[in-house]
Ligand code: COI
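As a starting point, one isolated chain is supplied in structure tokens, in the form predicted on its own.
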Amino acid sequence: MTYSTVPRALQFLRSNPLEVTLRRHSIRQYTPSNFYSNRELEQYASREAKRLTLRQLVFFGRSLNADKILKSANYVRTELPVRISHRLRDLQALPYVVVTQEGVDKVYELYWLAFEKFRQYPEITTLAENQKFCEFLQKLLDIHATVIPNLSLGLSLSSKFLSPDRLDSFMRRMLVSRISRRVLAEHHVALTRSFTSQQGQESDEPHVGIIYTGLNVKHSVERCTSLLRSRPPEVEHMGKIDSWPEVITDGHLDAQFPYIREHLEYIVFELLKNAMHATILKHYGKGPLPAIRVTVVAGENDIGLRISDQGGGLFSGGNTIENSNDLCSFSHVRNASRLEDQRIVALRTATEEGIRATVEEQVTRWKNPSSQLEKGKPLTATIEVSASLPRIGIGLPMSKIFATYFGGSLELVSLDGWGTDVYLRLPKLGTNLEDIEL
């Protein structure tokens, strides 16, 4: 049995010199024999991930000092290879025809090389070493931006070789684990930046690392609404329209809770984007567009959002899905749109640039090439953007995974012929462990 991705990996490295430094020491070990059996991999995969809660991340990140920064760095250094090893074992358990599929083989290569680099990374003992470690983490985060579209592409093309349950279970484990690793890496980088700058808070809302300790839900909804309504009024396959639907927010408008703002706003952004699209398709040319209503409720233990539209529901307009959960499926048996030519082409395009699953990333891509966002600068509600991009079917599945990562939920209720109600629930106490499947 030969492993066809070795020459492909070498070709990739020749065309990407920036990655040679990260990979040159581990490419020699990337052989057919250790694809299925590797002593180091087995040792790491036998360990359990040390799952954390939001509260633990916040408490540890307060009152930072050098010892805490180094402790955080070494936790990330030793924890990430364990989490990667579990997913490598998942990949090795797939049928060989699947793991060598376009996209999937690329992910396996990236994971193996990252595992080797983390496994060999020495203990971090000084702040200067930690700074180099943060640069290493950021480079890996950038390289691994291609994981989501490659996984989606590869699993869609491999759908006929896996049962729907097995495919969706595998995809969920891969994406949840990816989120968990990015959270740990980005949180440590943010803590380091905060400690190094000694400039206190960097925004109007208090935060520790990437966690906003008093995240205002209404402000996040309004920010997402403003960004979406700032787009030129144009819809894919329909051309220009008069305007976007308005969004009305009601309920507990002063609700605040500790959460990762990037996660909340990605979910709200995607749900509002879908609601606007459905509303326009249903009411185009029939007079004023009905408003989308967002209701915020602060419960004792949870924050709840209901997003209601009048877009006709999920099962109207020739939609072939049998239930709302099928919209998040990567199997063509449950969601036939996974194998549509336009979606496959869009995914192949996305594998070149990568997908980080953030609001800022989407808005950046909407903008004209001559006015790209500068990296790290905040978005405004007065941006100029280009026409809508092809829909690749990632937003809703990622939103559900973000929602459930710390024990929340995302449910869609269709009122066919009228519209859809989406119910988002997020825990507000920060005591739930990460929802990682080992």
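A quick note: this is a predicted structure, and the numbers were derived from the prediction, not measured. One rule holds for the numbers: they count along the sequence shown, beginning at 1.
The form predicted in complex with this ligand is left out here; the points below concern that form.
In terms of contact with this ligand in the model of the complex, the residue from His332, Arg306, Arg223, Arg182 that brings a heavy atom within 4.5 Å is Arg182. Of the listed positions (Arg172, Arg178, Arg261, Arg338), a single one reaches within 4.5 angstroms of this ligand by any non-hydrogen atom in the model of the complex, namely Arg178. Of the candidate stretches 251-259, 268-276, 187-195, 111-119, only 111-119 has residues with heavy atoms within 4.5 Å of this ligand in the model of the complex. Contact check for His144: a non-hydrogen atom falls within 4.5 Å of this ligand in the model of the complex. In the model of the complex, at least one heavy atom of Leu80 sits within 4.5 Å of this ligand. At the 4.5 Å threshold, heavy atoms of Leu140 reach this ligand in the model of the complex.
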